[in-house]
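Given as structure tokens, the chain that follows is alone and in the form predicted alone.
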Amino acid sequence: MQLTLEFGGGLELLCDSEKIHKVNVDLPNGAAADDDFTMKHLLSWVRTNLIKERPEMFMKGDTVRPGVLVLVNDCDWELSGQLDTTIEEKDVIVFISTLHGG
């Protein structure tokens, strides 16, 4: 499944300072071809394959840390089911940190 993942607000620093990633993500092991691919699966994949340092700055448990805005095709994931949001081919997922030092 081809996806575009974008990181902003400082999160790109956890991914070798690259803001935009065009990725090809496979279904999790043991998943049937007709199973839905969800944000929960994607976050696990991102933690394993894209986050190069300090994964605790991006994730807490199975979800993103508080203060990380997640958009799926420009829609706040809180409106579409958060971890249960179904991801489809060519979706664009954006992660933006809203936390700033001061």
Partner chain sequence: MEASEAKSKRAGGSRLCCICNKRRPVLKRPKTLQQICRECFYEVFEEEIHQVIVQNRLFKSGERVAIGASGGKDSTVLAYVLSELNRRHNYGLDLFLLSIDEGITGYRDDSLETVKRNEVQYGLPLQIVSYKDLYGWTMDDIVKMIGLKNNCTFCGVFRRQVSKHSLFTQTFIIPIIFCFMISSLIDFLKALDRGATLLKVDKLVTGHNADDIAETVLLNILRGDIARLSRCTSITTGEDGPIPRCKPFKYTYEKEIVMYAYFKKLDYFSTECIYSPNAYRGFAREFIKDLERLRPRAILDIIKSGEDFRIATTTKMPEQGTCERCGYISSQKWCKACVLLEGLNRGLPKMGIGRPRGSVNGDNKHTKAGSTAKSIESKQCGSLDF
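Predicted model, so just to flag it, every value in this text is computed and none were measured. Residue numbers count along the first chain shown, from 1.
The discussion below concerns the form predicted in complex with the partner chain, not included here.
For the three residues 20, 23 and 46, a heavy atom within 4.5 Å of the partner chain turns up in the model of the complex in no case. Taking non-hydrogen atoms only, residue 2 never approaches the partner chain to within 4.5 angstroms in the model of the complex. Among residues of the shown chain, residue 60 is one whose heavy atoms approach the partner chain to within 4.5 Å in the model of the complex. Taking the partner from the other structure, the partner chain in the model of the complex has no heavy atom within 4.5 Å of any heavy atom of residue 51. Put simply, residue 15 is far from the partner chain in the model of the complex: not one heavy atom of it is within 4.5 Å. Contact residues in stretch 51-76 (any heavy atom within 4.5 Å of the partner chain, taken in the model of the complex) are 60, 63, 64, 65, 66, 67, 69, 71, 72, 73, 74, 75, 76.
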